[in-house]
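Just the one chain here, laid out as structure tokens, in the form predicted on its own.
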């Protein structure tokens, strides 16, 4: 079957194919051919530490020789390997996969949510990344980013964080034998305040939001061997997040392949990871029907949703951001142009939900389905009703909700109390 226009456009946008790049010798373990910038078409070798594009400061993408990959893999190869994210090594950037910094990242389960599909009109599934190390999907990106940074000679690693990313960076950097520094907003709640230090990282608390934390981090760590692993400010966290899409393909293709993936978006790295994975699978000829990506954000901080609704090419900073979902409190996502472009190319959209609806969704997922979901992950369940009311979901479609983290660090009673103390915007 010939891919449709939407799928072709998605592959063009997130795959960055057709760019001139040197081919690697067949004897090398890595299938990476270089780095490229979608915004200005700059190409770079992938053999040295690199943050953003030196021409336009935009995010960089990792390009692979997919023709060679297709020559050594078929659809069944990955499923025959050990059930960890490293089974996808041909489409991961390490030159030596044996050097991966790992805490045993498992393939996370996909479970059906009975009666969640509005009387059976939609099959609703949930992928649960709360089972990963440190209890969140951040383990995927940091495992690959830290592995590649060490492979390329990084001496020290830093990043701002709203919570889970800081814990993941500290854990993987410690595992790699590298010092790490995590910049956290002063408003960060426990246990996210203490986890990075407990896992071996240095913590710095900053007044304001994660945007303020990032600005201070880059001001203080601009030299002395520090390497920035912030969201989209280096190319390899997206590659780790890409394994989300590969796992969905392994688990569901030919059975309950999703028409729609509902995803909670903060900085947007996961959106790019998913769409890049599906673009590469399509180019390999393995997956022709690509899911629509619908992002969910809280209505107190929804810059991507607003940009999608207003037809803007980039998200403008959200003033006075507020939400009880720490991973979604990102008022000014870096590289938002790429994120918005990928959502639109998938045929997707965006929707916002109230904090009270997020807490209700957390409780329903716990009590009805036995699933411990973070506020970010529960936001996707809260978005279901909004999406149905808007007519965004079509009858008979399979919908996959992505839970990005465990709800164990959160008390529903305390979250409800915080709603009373700080009313909805």
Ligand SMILES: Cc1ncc(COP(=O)(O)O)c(C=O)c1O
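Residue numbers count along the first chain shown, from 1. Model, not experiment: these values are computed from the prediction.
Heads up, the form predicted together with the ligand isn't pictured, but that's what we're talking about next.
S.K.: I'd like to check something about residue 213: if you look in the model of the complex, is any of its heavy atoms closer than or equal to 4.5 Å to a heavy atom of the ligand?
M.R.: Heavy-atom contact with the ligand at 4.5 Å: absent for residue 213.
S.K.: Taking the ligand as it sits in the model of the complex, is residue 138 in contact with it (heavy atom to heavy atom, 4.5 Å or less)?
M.R.: Looking in the model of the complex, residue contacts with the ligand include residue 138, since a heavy atom lies within 4.5 Å.
S.K.: Could you confirm whether residue 270 comes within 4.5 Å of the ligand in the model of the complex, counting heavy atoms only?
M.R.: Residue 270 belongs to the contact set for the ligand.
S.K.: Given that the ligand is not shown alongside this chain, does residue 380 nevertheless sit within 4.5 Å of it in the model of the complex, heavy atom to heavy atom?
M.R.: Because no heavy atom of residue 380 falls inside 4.5 Å of the ligand in the model of the complex, the answer is no.
S.K.: Checking a candidate spot here: are 164, 263 and 328 all in contact with the ligand in the model of the complex (at least one heavy atom each within 4.5 Å)?
M.R.: Yes, the whole candidate spot contacts the ligand.
S.K.: Have a look at 241, 150, 292, 233 for me and say which one sits with a heavy atom within 4.5 Å of the ligand in the model of the complex.
M.R.: Only one listed residue qualifies here, and that residue is 241.
S.K.: Heavy atoms within 4.5 Å of the ligand in the model of the complex: which stretch among 368-376, 389-397, 43-51, 65-73?
M.R.: It is the stretch 368-376.
S.K.: Do any residues of 383-406 have a non-hydrogen atom within 4.5 angstroms of the ligand in the model of the complex? If so, which ones, in sequence order?
M.R.: 404, 405, in sequence order.
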